[in-house]
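Only one chain is shown below, in structure tokens, and it's the form predicted on its own.
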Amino acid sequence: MTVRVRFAPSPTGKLHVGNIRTTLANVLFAKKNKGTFVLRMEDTDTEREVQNAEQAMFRDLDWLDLTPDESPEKGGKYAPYRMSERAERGDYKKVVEHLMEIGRAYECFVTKDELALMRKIQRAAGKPPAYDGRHRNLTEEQKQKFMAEGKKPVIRFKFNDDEQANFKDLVRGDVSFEVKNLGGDPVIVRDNGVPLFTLAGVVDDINQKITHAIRGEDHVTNTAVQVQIFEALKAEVPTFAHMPMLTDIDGTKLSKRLDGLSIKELREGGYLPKAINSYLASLGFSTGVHIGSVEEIAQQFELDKMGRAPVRFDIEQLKRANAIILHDMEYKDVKPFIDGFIPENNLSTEKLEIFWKSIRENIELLTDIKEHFDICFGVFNGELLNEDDVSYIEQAVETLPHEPYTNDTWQKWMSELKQVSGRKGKSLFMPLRVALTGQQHGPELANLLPVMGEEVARNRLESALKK
């Protein structure tokens, strides 16, 4: 059996860490099992659809190295990959007609107000709210009467109430629901003719040969409902995996701040794809963060070793993972990600490589680069020197070595300054740090001096004296 998994977002907003955690699990499972990752779009909710959201999702997935094997953009053997196109082709209509022919679907004319009243009465009686099946067996005469009143029917799937919905779950083990406790016959087609995910997801999974459905724990009840539909259609039920919910650091719903945790915001905030993927892949396991490429993470990924307790998203842990990666990256590897984080300049690649190596251990995010770039090459607005340091900086100007500068230049300069000034320790290097960078903390000056070069260093020392 060839493993086939899918991620099916709606183009109604940005991809966020919750979406990506699910996507990533699908990608890792597919890669681990030499399978196929399918991206399809549930684009039938036209009222909530956001312009260009679909294209933004494609870009986000490409940036994260989670590019699907089959998608609306790439095509594939089981196209089309948009629900709207499959609906237009008649995929869902055929299935609904079949379900009605075999007595497993029916028209229901119960209004929203009637449903609300029904649930209110049930709650008052201490019962869970559920559709009571009152339109399960309407006659043609009753249907015509409702239509004459201007009522439009929804289509409901008819449960076998005395059965159980059973399915295999790679995270939760064997799962079983009493069908009579699932809330009553579910709506599978709206009164405007648009199929709901409850039905469309099943039809697409069947037609696209999906073998495994990996998604959030909030879909467990939906899965029980869909299992009944799979079985009514005499189709093989996929193997499921319901991942534990992702919460905020304090255990509350993450949805309250998902806009700030969208992939777009994280990318613009200076996070790397490897950090995002590595951190999200670690959540739910007791083994911590295993930093690596998507291919490397896939070899360690085991859904059956995932816990069932909710997992907390901690932006500080993500930042630490990001910092670890940045500290080890060579300039050639970070270069594709630094557009927009480093000012336009005419510096040579060699100079930028030296600059990167000098600052990488002092940054956590790519957004930190600009501050260090300004220190080395930007407009200088340093602090005023103490009066006691003026003569010392004059000595520094006189002894400043001539280029070329190497990693040993700083130490040689300090040795000479120590002899001529009699200073040592903090009084030796702190005035120089202030004069050269305008700050009392930052990257090692031994690393910055070769980046600045003689001309910048001399100009800054002399500028400090003028102040």
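Here the rigid core means the biggest group of C-alpha atoms that line up within 1.5 Å when the two forms are laid on top of each other. Just count from 1 along the sequence shown to find any residue number. Here the structure is a predicted model, which means the values were calculated and not measured.
Keep in mind that the form predicted in complex with the RNA is missing from the display, and what follows is about it.
The RNA in the predicted bound form is not approached by Asp162, whose heavy atoms all lie more than 4.5 angstroms from it. Using a 4.5 Å cutoff between non-hydrogen atoms, Glu444 counts as a contact of the RNA in the predicted bound form. Residue contact check for Phe429: one or more of its heavy atoms lie within 4.5 Å of the RNA in the predicted bound form. In the predicted bound form, the RNA sits beyond 4.5 Å of every heavy atom of Phe37. Note on contacts: among Thr111, Asn137, Asn386, Ser391, the single residue with a heavy atom within 4.5 Å of the RNA in the predicted bound form is Thr111. Among the residues Thr406, Gln419, Gln51, Gln440, the one placing a heavy atom within 4.5 Å of the RNA in the predicted bound form is Gln440. Partner contact region in the predicted bound form: 357 to 365, out of 86 to 94, 268 to 276, 70 to 78, 357 to 365, criterion any non-hydrogen atom within 4.5 Å of the RNA. Applying a 4.5 Å heavy atom cutoff to the RNA in the predicted bound form picks out Arg123, Gly126, Lys127, Pro128, Pro129 from 122 to 139, in order along the sequence. Once the cores line up, the CA of Lys426 ends up 2 angstroms or more apart between this form and the one not shown.
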